[in-house]
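Single chain ahead, written as structure tokens, the form predicted alone.
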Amino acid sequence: MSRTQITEDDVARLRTSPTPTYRAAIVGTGFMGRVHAQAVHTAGGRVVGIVGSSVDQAKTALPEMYSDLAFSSLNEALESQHVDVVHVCTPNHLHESVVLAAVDAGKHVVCEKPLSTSAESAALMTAAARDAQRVATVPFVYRFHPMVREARERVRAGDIGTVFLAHGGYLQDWLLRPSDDNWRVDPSLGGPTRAFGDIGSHWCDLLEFVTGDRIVQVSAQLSTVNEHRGDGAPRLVSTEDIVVVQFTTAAGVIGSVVISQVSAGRKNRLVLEISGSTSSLAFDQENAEFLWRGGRASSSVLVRDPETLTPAAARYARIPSGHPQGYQDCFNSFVSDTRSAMGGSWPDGLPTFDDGLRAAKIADAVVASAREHTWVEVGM
């Protein structure tokens, strides 16, 4: 691959340009790597090359990842002067080492959630990115549904009054059967919490994002439904399939959330409902074109329509009403906003490593609560 020299003036221009170059190296060739590649392509960036578990694995993934270069190693990707940003889509236990190497090489970073397998590790990564003055973001992409932004604006404006209750869940069924298996099940690869770390983190981020309030205390129960997984010689499983959490927030809101990866028929059902003194709001990710608003006298369903949404929500309504937006659209908006941040224009609500660290602190508190059978404070 050819090399070019970038001057100090070029670096300064890239940092301040409203439309910076977005030349990405993607580390990881699985489903998430492909989603990231599509988002980079749609946001007007370029996937310079990819890093796989092997060069052959990377070459196999090239046609689906908008790239024609398989880096021979992570070091080659980090040494490339053609790479502005590194997308980390590896198993969780590798996040810390890849992120720290990327930041040390002067790259901006996008790292999949959970940011790391412990709050201590996530704090180290967050500090490293901040000290290096690199843009470092985490794809809590459900924030980018227009109707989530609409809910946030209505709560901010006091439209539902004083919030006093929040509840919901995130239900999937992809690990329902004992034969269902994945690297996330192994705590040495995925971390000590699986269902909560993987999808519960999304729900808690959405709650705090919409309400502007923080969870300060949790009481959690964990359950492993399938204690053995795998075909042939099933192995013992220690990570949870189900989590039920009660919580309180800094503002005194109480609530609960049910997280499950073994709920038959539920493919990706994230539901958040918030009750206030004058009305309630409910968002269902599987019906993301709508936001339910409940009142004592009457209730209504708000539709994703760029002409009627608040400006903050309409910004993410990329296509006319009646043409459904979805998961990939959220990712595309997330990468587009990351690109803007790299140019010095920081969009409201862009999830950063600080948000990834926040999720890690909540996850640690949930695990501790379940282990100790007591309420646990969440570190701020």
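Note that residue numbering follows the sequence shown and begins at 1. For clarity, every value in this text was computed on a predicted model and none was experimentally measured.
Beyond the structure shown, there is the form predicted together with a small molecule, which is absent from this document and is the topic of what follows.
S.K.: Would you mind picking the one in A123, L176, A101, L94 that has a heavy atom within 4.5 Å of the small molecule in the predicted complex?
M.R.: Looking at the other structure, the residue within range turns out to be L94.
S.K.: Select from the listed residues K113, R229, R304, K107 the one whose heavy atoms reach within 4.5 Å of the small molecule in the predicted complex.
M.R.: Contact residue from the list: K113.
S.K.: I'd like to know whether W183 contacts the small molecule in the predicted complex, with contact meaning heavy atoms within 4.5 angstroms.
M.R.: Flag for W183 set to yes.
S.K.: Please run the contact check for S53 against the small molecule in the predicted complex: heavy atoms, 4.5 angstroms, yes or no?
M.R.: Result yes; S53 sits at the interface with the small molecule in the predicted complex.
S.K.: Are any of the heavy atoms in C89 no more than 4.5 Å from a heavy atom of the small molecule in the predicted complex?
M.R.: Yes, C89 sits close enough to the small molecule in the predicted complex that at least one of its heavy atoms falls within 4.5 Å.
S.K.: Would you check, heavy atoms only and a 4.5 Å threshold, whether V141 touches the small molecule in the predicted complex?
M.R.: Flag for V141 set to yes.
S.K.: In the predicted complex, which of 22 to 30, 314 to 322, 348 to 356, 39 to 47 comes within 4.5 Å of the small molecule (heavy atoms)?
M.R.: Only one stretch qualifies here: 22 to 30.
S.K.: In the predicted complex, do R152, F290 and W292 all put a heavy atom within 4.5 Å of the small molecule?
M.R.: Verified in the predicted complex; spot residues all out of contact, no.
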